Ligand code: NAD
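Presented below, as structure tokens, is a lone chain in the form predicted on its own.
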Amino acid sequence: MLKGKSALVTGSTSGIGLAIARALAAQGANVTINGFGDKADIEKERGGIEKEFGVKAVYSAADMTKPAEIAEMVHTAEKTFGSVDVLVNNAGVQFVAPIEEFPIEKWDQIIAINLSAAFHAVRAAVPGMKSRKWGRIINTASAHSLVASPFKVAYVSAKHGLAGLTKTVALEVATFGITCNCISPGYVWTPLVEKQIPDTAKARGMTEEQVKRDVLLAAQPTKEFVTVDEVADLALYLCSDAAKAITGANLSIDGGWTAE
């Protein structure tokens, strides 16, 4: 489906982003992965993509808080593969605290990585997509792009903003064969979710098991975590020709959370 095309996925050294990168590669796309982590682990994933799917995969260490590095990552991917046809803005961080205790530097970091980074990447990638009259932009939002939870003021604000960014870009590129959508997962079992459980437990005065049962899965009527592969399959569908009329949409994959 994507043979001969190139995809760039931010925040893709683990979790949702890695699952999406692998799904795109499985359909023939060359991929640029990005994120942080152990160098050996990242190289293992990069090499594994090439070996398993017969495509080329490169790694960018671009810092998602630095606009110039984000733009350079996009331009490098274009030089390496000839294009960036699929852009997935997936990088995200989280911090949990009451607003009066929320560190200003954490607010700035979360807004930069979860929202502004997507703006900078889209801004850099859109000219090439327009010239080729084809592109797929997918932003990983969250159920928190639609509803709020306490103690997550920066994350909820950033994800609401990402939904607005998605709609605006979709309108601007609608006549160029480019779609722009966001996927809003509920709680997916990823390192990001796992790491926020202790802080949530502390903020709410609960045990970690209580947080899983009474906070996280309480929000999802299915009482099950969403899987990274389910999110990746939705992203893959949005890249298909069958989804060319879907643009500006915020697609929930949250076990029914936002239906309540």
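Numbers for residues come from their place in the sequence shown, where the first is 1. The structure presented is a predicted model; accordingly, all values stated were derived computationally and were not measured.
Omitted from view is the form predicted in complex with the ligand, to which the following refers.
- With respect to the ligand in the predicted bound form, the three residues Ser12, Gly92 and Ser142 uniformly fall within 4.5 angstroms at the level of their nearest heavy atom.
- Contact with the ligand in the predicted bound form, defined as any heavy atom within 4.5 Å, is confined among 97 to 105, 164 to 172, 84 to 92, 130 to 138 to 84 to 92.
- This chain appears without its partner; in the predicted bound form, the one residue of Asp63, Asp199, Asp214, Asp233 with a heavy atom within 4.5 Å of the ligand is Asp63.
- Although the partner is absent from this view, Tyr187 contacts the ligand in the predicted bound form, with a non-hydrogen atom inside 4.5 angstroms.
- By the criterion of a heavy atom within 4.5 Å, Ala203 is excluded from the residues contacting the ligand in the predicted bound form.
- In the predicted bound form, the ligand sits within 4.5 Å of a heavy atom belonging to Ile16.
- Within 4.5 Å of some heavy atom of the ligand in the predicted bound form lies at least one heavy atom of Leu192.
- Taking the ligand as positioned in the predicted bound form, none of the residues of 117 to 134 brings a heavy atom within 4.5 Å of it.
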